[in-house]
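Two separate entries follow, structure 1 and structure 2, each one form of the same protein chain as structure tokens.
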Structure 1
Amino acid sequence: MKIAVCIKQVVTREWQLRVNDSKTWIRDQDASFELNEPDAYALEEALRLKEKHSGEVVVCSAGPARASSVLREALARGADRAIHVEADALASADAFAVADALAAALRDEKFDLVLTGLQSDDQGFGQVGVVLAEKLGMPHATIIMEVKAEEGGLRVKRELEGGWFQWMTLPLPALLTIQSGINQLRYATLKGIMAAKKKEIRKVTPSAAASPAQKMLAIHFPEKGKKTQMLPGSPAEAAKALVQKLREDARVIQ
């Protein structure tokens, strides 16, 4: 089975976020970076499928030159080779531009299975996987909690709302977005780190940037503040007014 895993480099969760001068993205010149956590679970699932059914695991990332560090980390964990779609603009690009860049790099490889994390830790829209599936012409399933390879296809378990799950089958090739917690992550060994230095990272320059479907006008940190509103009247009147505000303003009750 030939498996591609799309991974992203994101700012570490412990880093103190700062907004850049144009107020359109974070200031990342002095930030520290790490592998996007949901993508780490997708990588682990790919490695487990390879161990059970043999094949090849290829990691692919779309981002600036610094994204090569997460590709090396994925190679150290056990991936066979890597593809780096390198462009500075992809660091903060929307899902459509990223998916377009990834699709161009993956299309000719003819993968049996493409895995992505459910969403990224920075933008968190959860759209790259589904848009990529459409661009590659693959059936897809999202929020996957379990993957079983069967003759000619896959049987997967999806997480739904309210504690419900759904089993479904897909033909190959297919694309899955993996939910965090599907498995237990492995860490790179010293042997894996040494071996990763000899593994291939093929650099790809996107031919033309896709037109973004959205534009980030400005970002800012939530304002902290306290606001107290007194409800006049008798206890019964105050209780009635409180219920009305919870229902109509806060919409926390029906």
Structure 2
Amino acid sequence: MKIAVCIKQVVTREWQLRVNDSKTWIRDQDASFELNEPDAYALEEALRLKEKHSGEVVVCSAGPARASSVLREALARGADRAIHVEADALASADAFAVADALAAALRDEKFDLVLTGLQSDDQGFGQVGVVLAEKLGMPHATIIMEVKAEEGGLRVKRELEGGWFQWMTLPLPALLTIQSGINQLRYATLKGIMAAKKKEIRKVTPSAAASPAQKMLAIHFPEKGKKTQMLPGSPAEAAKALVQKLREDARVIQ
């Protein structure tokens, strides 16, 4: 099975978010970056499918030069080769622009299966995978928690709300958006890291950007709605105040 996995580089959760001067995106020059969480699960699922059914796993990321580090990491975990659609504007691009860039890079390779994460930790569109499926003319299924390759197609388990699930089948080629927790992740070994150095990262330049479907005017920290009573002081002081509040004001403990 020839599998593509779309992976995005995002700022790490620990990084203190800072807004840029025009207040339209973050100032990430000094940020640390990591692989978008569900995309790590998508990659793992692709590697497992390859181990079972043989084939090839190709990772693809659309982003500025720094995005090559997540591609390198994916290669170290076992991906066979990588495609980097490189452009600075892709760091904060709209979902349609990203899907266009990915579709152009993947279309001619005729993948059997394309995997994406279900959502990015930064933009959180929840769109790129499904839009990409439409652009590639593939059927898709989202929020996937299990994948079985069967004669002529796939049988996949979709997560529904509130603890419900549903199996569905769909023909190949297809695109799936993968939910976190579908499998247990593996990490790169030293051997993998060494092997990754010899693997190919092919760079492609996106063609003229499609007109954005959504325009970012500003980002800001949300205004605080409900008034939270913050309990100050040392841990012991805060703990004491909290227990008193819970006993005497909220009356939720004895």
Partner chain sequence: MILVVAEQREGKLNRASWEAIAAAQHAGGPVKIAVLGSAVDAVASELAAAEAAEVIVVDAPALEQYTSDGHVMTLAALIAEEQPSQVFLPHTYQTRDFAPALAARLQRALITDVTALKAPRGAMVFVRPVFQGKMSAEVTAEGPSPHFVTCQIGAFRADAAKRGSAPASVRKAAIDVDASKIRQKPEAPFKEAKQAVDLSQAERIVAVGRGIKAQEHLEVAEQLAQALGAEIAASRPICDAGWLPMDRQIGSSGQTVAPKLYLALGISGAIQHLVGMKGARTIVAINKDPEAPIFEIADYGIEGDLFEVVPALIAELKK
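Residue positions are counted from 1 along structure 1's sequence. All figures in this text were calculated on a predicted structure; none of them were measured in a lab. For the two forms, the rigid core is made up of the largest set of C-alpha atoms that agree within 1.5 Å on superposition.
Only structure 1 is derived from the form predicted alone. A movement of the C-alpha atom of residue 16 falling short of 2 angstroms is seen between the two structures when the two forms are aligned on their rigid core. On core superposition, residue 234 has its C-alpha offset by 38.9 angstrom between the two structures.
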